[in-house]
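Encoded as structure tokens, the following chain is the form predicted alone, with no partner shown.
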């Protein structure tokens, strides 16, 4: 028998890949309770790894209660435990594969049918035009590669963004109220480090963007959750939480919310700044896919309705314009800027000037919105293909009006973490609901499917595999 390819995730150490190989097969029932597992020698030969690597993997599983040892006999599958030790495992080699509690880890998995990455299929991006733009830019700015940006960002780009959002969204901001960041995630991190202190409360949506939760926790914040439904927020609940918990800020993605795809209605967008002012809470509005809509343009950002300066607005162009440039910006009133600039200086002393100038050229050209218009059509077609596949099931979801994701709820008794183990054996990837809502037991039946990274035929084939595996009894 030839060597088995265990995983394509190069972020895992070799023994961790062996752990994954064993866990997946035990969970799938290939080895049942009290069944003897392959010997260290035979498994090392099968996988083409050193015996010590297999031994270390077995020891890891033994420590976490997944296997046990019979003296002079070998390793055996431990019996199922209603509250297994592994559920509290801290070791990344085990817990990451059992709970999929890291968006970065899930998205690092290579799969033929990729529904976990909330990104644009590179084939839909204007790659050839970018090459031409790069050559023109370097001719126009011959010393560009030898120059740093200021820590706040290129003035020309900040002025263009301020003017654009003022004319289109009625922001009424100046270049001094714009900070360029290397992607939206850095923007969240800068805001957290600037405003949040250990012990502060941070209000977040349930479910919400996983990495944002980790950023705030890293600052020592206690997370407070407010529900988001197809009707938007429960403002009475938010007001009560603001009054009782006194959160420093409320992190939100109100437009094509990640992961649900929900749009918060206009009336709620108008009332949130009033609540923020009343209770001294800052609003952090993360807008990463505002331009990706299918029929009607979404409501104006909350920032538009804020007259007291309590909202910090993050606008990202990374996902749908040119991911490689990592261009995003924080728009806020002047009182926030010194703290944000100080954090930006510590982070990288300013985003790369080449990236900013290149994006500026594209932003100023008619090509960008021509591209976005065509992109919206292409993404809508892919969403409709995925939804057509979902209609063959009894699963529940809300049809997205824009964005890159569908949030799906499976029937009682199904677990999307375990389902992902099976799906990865058939090269299908998605994000389990617990990544976005680890505190809700019901999240284990939910999953996020991204339809923007795969083409139509891949969606048909991948969804067929996913649905078949979900209904397979194991």
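Residue numbers count along the first chain shown, from 1. These numbers come from a predicted model, not from an experiment.
Keep in mind that the form predicted together with a further copy of the same chain is not shown, yet the notes after this line are about it.
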Stretch in contact, per heavy atom within 4.5 angstroms of a further copy of the same chain in the predicted complex, of 337-345, 165-173, 223-231, 381-389:
337-345
Can residue 130 be called a contact residue for a further copy of the same chain in the predicted complex at 4.5 Å between heavy atoms?
yes
Test of understanding: in the predicted complex, would residue 273 fall inside 4.5 Å of a further copy of the same chain by heavy atoms?
no
Examine residue 27 and determine whether its closest non-hydrogen atom to a further copy of the same chain in the predicted complex is within 4.5 angstroms.
yes
How about residue 218: is it within 4.5 Å of a further copy of the same chain in the predicted complex, going by heavy atoms?
yes
One residue of 189, 286, 154, 306 in contact with a further copy of the same chain, assessed in the predicted complex (non-hydrogen atom, 4.5 angstroms)
189
With a further copy of the same chain left out of view, choose which of 241, 368, 354, 300 has a non-hydrogen atom within 4.5 angstroms of it in the predicted complex.
354
At a 4.5 angstroms cut-off on non-hydrogen atoms, which residues of 184-220 are near a further copy of the same chain in the predicted complex? List them in order.
185, 186, 189, 193, 194, 197, 209, 211, 214, 215, 218
